[in-house]
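First, one chain by itself in structure tokens, the form predicted on its own.
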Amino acid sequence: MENLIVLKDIVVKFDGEQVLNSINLEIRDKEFITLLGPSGCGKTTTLRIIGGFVEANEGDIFFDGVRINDVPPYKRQVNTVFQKYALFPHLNVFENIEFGLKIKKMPPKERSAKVKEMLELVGLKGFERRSIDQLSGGQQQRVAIARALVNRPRVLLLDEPLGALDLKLRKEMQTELKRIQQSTGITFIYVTHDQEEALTMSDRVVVMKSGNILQIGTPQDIYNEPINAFVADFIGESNIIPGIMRTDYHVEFAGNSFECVDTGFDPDQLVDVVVRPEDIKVVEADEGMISGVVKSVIFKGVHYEMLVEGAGEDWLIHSTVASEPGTLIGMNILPNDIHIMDREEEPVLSEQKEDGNED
């Protein structure tokens, strides 16, 4: 896919504090890309830069190869869906979706056809005359999405649009948003602090912290090969253990030697070792590479979460079979399930200071 949007060396300062630190980002046409990170990391500011609601202090933004720094929001081929949907309470569902088309002075017959198409797309056929206050939160969100899409923008910006929904509805809407994006072919740029949302919906994920981009990749890449301890811990649960990379394919941690699949480190280099909870195999105590005592067990529905103390570390384990607290167990870790990272505080794609305080 070709790049549709390019952010180049973007710096943003609010009240003298730098909240985006010379970030560079390429967004492809027709992809679903998610900006993921904790509050204050700069993800919403990045979205607003693309929408034209925030002006960069330095750097350039390109849309289809054309510099658009000075192009106002209403002239950009971009629409936005916010967490607060900002629907018009005095208009019904049809009229809310139709509003932008009326502003464009589109003929009534053409407006009606486009609104009906959007109602079909978002699963609200038959709700045309329903008032907004008669809709559930999920239905209101669908109206907001339909209103944003009816003008067929090249890009849809979504700023934590599922934040007001309950857990079950959030999961349903994750699937719906991905379906809508695929069926329309519109580029979706999504902002969230929820790693499950990012992994579920995205073609690529951009992990941010303190105004910097730490890592960009597919959900599988981000989850399986995190660049540092922050990414590993933010994208799902992890056991992060200090270790020493003795040679290629050979690492020591937790008082033991392990084979791994990583290469390219210096001999005896200090590293961080990431092992996902689901990748630790529970065996009999005398059969394990590491042994430990089960401290607690919590039933999570699809698995048990066990906290195990062993080899000077606390280990988080996800298993379909639980061991009783106080039991001595063995733990095995296969080479493919060991992920090695440089032990450094915060490797980033930008060298500037990290004191941003905006989302």
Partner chain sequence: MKISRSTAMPYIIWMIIFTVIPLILVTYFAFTDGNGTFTMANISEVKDYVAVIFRSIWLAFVATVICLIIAYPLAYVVSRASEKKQKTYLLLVMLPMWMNFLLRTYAWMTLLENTGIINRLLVMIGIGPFAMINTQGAVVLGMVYNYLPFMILPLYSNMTKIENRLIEAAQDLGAPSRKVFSEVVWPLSLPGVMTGITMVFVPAVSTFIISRMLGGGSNMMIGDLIELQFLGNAYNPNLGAAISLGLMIFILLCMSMLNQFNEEDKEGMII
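The shown structure was predicted, so the numbers you read here are calculated from the model rather than taken from an experiment. In this text, the rigid core denotes the largest set of C-alpha atoms whose superposition between the two forms falls within 1.5 Å. Numbering follows the first chain given and starts at 1.
As for the form predicted together with its partner chain, it is not shown, yet the points below apply to it.
> Three residues, Lys209, Pro219 and His318; all within 4.5 Å of its partner chain in the predicted complex via heavy atoms?
The answer is no: none of the three residues contacts the partner (heavy atom, 4.5 Å cut-off).
> Which pick from Phe94, Phe188, Tyr85, Phe230 sits with a heavy atom within 4.5 Å of its partner chain in the predicted complex?
That would be Tyr85.
> Identify which of Pro73, Gly137, Gly123, Pro277 has a heavy atom within 4.5 Å of its partner chain in the predicted complex; exactly one of them does.
Looking at Pro73, Gly137, Gly123, Pro277 one by one, just Pro73 meets the 4.5 Å heavy-atom criterion.
> To test your reading of this chain, name the stretch in 45 to 53, 323 to 331, 299 to 307, 24 to 32 whose heavy atoms come within 4.5 Å of its partner chain in the predicted complex.
Looking at the partner contacts, the answer comes out as 45 to 53.
> So in the predicted complex, does any heavy atom of Val78 sit within 4.5 Å of its partner chain?
Yes, Val78 sits close enough to its partner chain in the predicted complex that at least one of its heavy atoms falls within 4.5 Å.
> Does any part of Tyr249 reach within 4.5 Å of its partner chain in the predicted complex? Heavy atoms only, please.
Contact check for Tyr249: no, nothing within 4.5 Å of its partner chain in the predicted complex.
> Does its partner chain get within 4.5 angstroms of any non-hydrogen atom of Ile103 in the predicted complex?
It does: once its partner chain is placed as it appears in the predicted complex, Ile103 has a heavy atom within 4.5 Å of it.
> Please check if Gly264 has a heavy atom lying within 4.5 Å of any heavy atom of its partner chain in the predicted complex.
Gly264: no contact with its partner chain in the predicted complex.
> Asn239: after superposing the rigid core, is there a C-alpha shift of 2 Å or more between this form and the one not shown?
Stays below the 2 Å threshold, so no.
> Once everything's superposed on the core, is Pro89 shifted 2 Å or more at the Cα between this form and the one not shown?
It does shift by 2 Å or more.
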